[in-house]
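Consider the single chain below, provided in structure tokens and representing the form predicted on its own.
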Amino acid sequence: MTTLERMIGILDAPEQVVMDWKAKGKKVIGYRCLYVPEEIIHAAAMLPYATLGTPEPITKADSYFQPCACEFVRNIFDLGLDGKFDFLDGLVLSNTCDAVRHLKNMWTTYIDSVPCYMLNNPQKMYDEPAFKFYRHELEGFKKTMEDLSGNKISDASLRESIDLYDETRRLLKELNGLRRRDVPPISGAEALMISMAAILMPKEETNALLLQLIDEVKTREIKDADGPRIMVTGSIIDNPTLIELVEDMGGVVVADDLCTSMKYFWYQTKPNEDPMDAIVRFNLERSVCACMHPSEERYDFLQEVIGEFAVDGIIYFNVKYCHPFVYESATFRKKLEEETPVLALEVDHSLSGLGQLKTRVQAFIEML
């Protein structure tokens, strides 16, 4: 089995990652959002585990949430009600939107098996009061993780965790940088699955595999790479089906600005003698989410990616009722289209209605 196959295979049974970790007598903390610092969880000798959804239809959660609430959030709550996250020793959410705040309230009220914590991140970048507020929040979060794990988080252990996670981000960015080539060595679907596997696994294992993978794919080329070069962006995508749909229609997905891929690894922590301050500034100086202001930072980031990867067209996949990214796509579309064609699509997290999506994506690819 190649390293590529090994990493993609992680997604067939992600629970095995947790079982292997817990077999060592260690705890697992689920989290949802890039603004939850994995490094603090890791420094407490626990495994940060990204809570991804499933394409299954929502059942029980629709009795607790309005039908116009984010489908991804309802899916996560549905899995929680079914006990699918009972292996977690805690769940950490980040204050990024109204739907997630409601998820925190619902989880705390109706799910007793897994304690849920809310980390309040500011909505404004580069703002000194925001830095101070977020530092205070992270100090409280650090104490909570220490109490939950029974382990003291020292500056030294935090620095080690920052270095480890920065290495993961560096390797993922190096691997994805190979997609700048005229003929990329990996497809968009493969890149997303590799990134998701890397996010789920303990980083000590991830980094070793990524080093092997980069070496293995340097001379590789994907087939049928003569189509238009596409950047996919928008809400969270935790299933490669939508990327595969674009590639099946003749597009070459060379960049995926998603929470489960490029947004995760694009930035590095800046040197700082105070590791907590380094984490604060890392999270409030990167433009990865439509919930953050000023929005111009997100636009500049997208333009940077478009230029670096020679993008011919942009597809926004917005999960139904994901208000931050629906707002962003409407705001940015006209401006982006001055240089690069844009297709904005609203998608179900359960991936229903793929036939209609296929028709619109095919027309967009043919137009390009």
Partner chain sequence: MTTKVTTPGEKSLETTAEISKAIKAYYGGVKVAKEEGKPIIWSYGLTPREIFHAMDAHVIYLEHLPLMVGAKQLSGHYIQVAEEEGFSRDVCAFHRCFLGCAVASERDPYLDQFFVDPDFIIATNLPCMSESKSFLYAADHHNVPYYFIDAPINTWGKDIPDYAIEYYAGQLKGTLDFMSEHGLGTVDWDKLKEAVSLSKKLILLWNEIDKCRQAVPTPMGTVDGLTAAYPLIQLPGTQLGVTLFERLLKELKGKVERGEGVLDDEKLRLLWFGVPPFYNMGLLNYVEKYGAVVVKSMIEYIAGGAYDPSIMDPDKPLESLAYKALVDIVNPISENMVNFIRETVKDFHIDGVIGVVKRSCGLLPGYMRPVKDAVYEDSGVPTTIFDLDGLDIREYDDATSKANLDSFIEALLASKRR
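Keep in mind that what you see is a predicted model, and the values were worked out from it rather than measured. Positions refer to the first chain, counted from 1.
The same protein also exists as the form predicted in complex with the partner chain; that form is not shown, yet it is the one meant from here on.
Judged against the partner chain in the model of the complex with a 4.5 angstroms heavy atom cut-off, the residues H42, D82 and D238 are out of contact without exception. In the model of the complex, none of the heavy atoms of V311 sits within 4.5 Å of a heavy atom of the partner chain. In the model of the complex, the partner chain lies farther than 4.5 Å from every heavy atom of R180. Though the partner is left out of this view, K132 does reach within 4.5 Å of the partner chain in the model of the complex, counting heavy atoms only. Mapping the unseen interface onto this chain, V326 counts among the residues with a heavy atom inside 4.5 Å of the partner chain in the model of the complex.
Segments offered: 300-308, 28-36, 44-52, 62-70. Contacting the partner chain in the model of the complex at heavy atom distances within 4.5 Å is 62-70. A heavy atom within 4.5 Å of the partner chain in the model of the complex is found for exactly one of P122, P185, P228, P275: P122.
Checking S295, Q268, Q212, N151 for any heavy atom within 4.5 Å of the partner chain in the model of the complex turns up a single hit: S295. The partner is not shown here, but in the model of the complex the stretch 96-123 reaches within 4.5 angstroms of the partner chain through a heavy atom at T96, C97, D98, R101, H102, K104, N105, M106, Y110, M118, N120, P122, Q123.
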